[in-house]
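So this first bit is one chain, no partners, the form predicted alone, shown in structure tokens.
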């Protein structure tokens, strides 16, 4: 019997933005397989033209409500690079602490509310409230802790106000930080319970070899700035981000596509782990070993596991960082002097969904002449598209049904944790 399958998902749910999945199998042969982004373009780079450097970070933080801090950090880093500003060491650490809060909150949101329902046979996270309130409680607590840390360091969970060109506006309240650190340590049993939960999930057995791109760590797992590296051996300085992305326009999508050494590339948690596995904290490596996650892993569904590994990593690193920060003196410098001047600068930041680039050209008065922002999901969309074809071919076997294949395709896209609305720049 020849196998015929048809999957047509118009606007996939449990992702941010609008994208469609289309797969058609006739007589056991894949005739069509695509991931199509149909979100309306936003043109946020044009909105930056003429803006003063003091407002660029505030404005670009509005690009995404989940990666708000990441966009702000990439923006102010690009501005500082353009103007030759070196921020104080204390500001470097405080920015990383805020970034960790965002990573924790975002990963908790995706793992529990967007990805997990697929593995337990639910159409959304809402039935989880009745089916397993303990799991929902863990999710809410972990996300809440990330939000509290962002509030304490960045001034707000989203649309940060304390992160500014030159450093950080002020030191966070020590007692607030101590309480967050204590609550994070108290949440360790919840992390253990999360690992046990994910061990029960049947991760689809699928892989497609691709090239992974991430910041390259030196002494620690990387989040803000540094060299860019791929698993195919390409290494470039931060300022040569265009050589790593190679964007072009596709007639069938409102997002651009990107590639490096192969037909497509991937960024995100799995890419970071693949590039920087040896720099993970021991506690995080133990979780990776439990799930058999080791570089280079080419199963896109394992991005969920990589997010879990990173969650454990940042929890322990946050606690250690807070122990140091609360011992600082009140007069530790957190801001550097900024003098506007003409120049071009680049800022690269690892947001939850992968490496984010901001590039600005300034005039002598510190106003933006032109801007370029390349979003992680922009870099992932072509890889998702090629994954879709390989996935359809891999699973187009006897016993497969339209519903089963639709679930596998939907889970594939969700595994990337896409932020589609941000990708249509």
Partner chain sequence: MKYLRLEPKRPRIGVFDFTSCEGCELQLANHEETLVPFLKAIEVVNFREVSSYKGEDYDIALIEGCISRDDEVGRIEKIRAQAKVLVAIGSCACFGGVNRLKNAYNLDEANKEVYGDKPKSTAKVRAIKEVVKVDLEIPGCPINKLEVERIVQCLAFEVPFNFPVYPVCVECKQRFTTCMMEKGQLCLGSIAQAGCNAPCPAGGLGCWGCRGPAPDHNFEEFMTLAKQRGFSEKEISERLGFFGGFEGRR
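All values derive from a computational prediction rather than experimental measurement. Numbering follows the first chain given and starts at 1.
One more form of this protein exists, namely the form predicted in complex with the partner chain; it is left out here, but the text below deals with it.
- Listed stretches are 233 to 241, 276 to 284, 130 to 138, 298 to 306; the contact stretch with the partner chain in the predicted complex is 130 to 138, by a heavy atom cutoff of 4.5 Å.
- The partner is absent here, but in the predicted complex a heavy atom of 147, alone among 147, 190, 246, 261, sits within 4.5 Å of the partner chain.
- Interface residue among 294, 161, 218, 186, judged by heavy atoms within 4.5 Å of the partner chain in the predicted complex: 161.
- Shown here without its partner, the chain carries 44, 63 and 421, all of which come within 4.5 Å of the partner chain in the predicted complex through at least one heavy atom.
- For the chain shown alone, residue 227 is not a contact residue for the partner chain in the predicted complex, no non-hydrogen atom being within 4.5 angstroms.
- Shown alone here, residue 251 lies within 4.5 Å of the partner chain in the predicted complex, counting heavy atoms only.
- Residue 77 falls outside the set of residues with a heavy atom inside 4.5 Å of the partner chain in the predicted complex.
- Although the partner is absent here, residue 200 lies well away from the partner chain in the predicted complex, with no heavy atom inside 4.5 Å.
- Of all the residues from 15 to 33, those having a non-hydrogen atom no more than 4.5 Å from the partner chain in the predicted complex are 15, 16, 17, 18.
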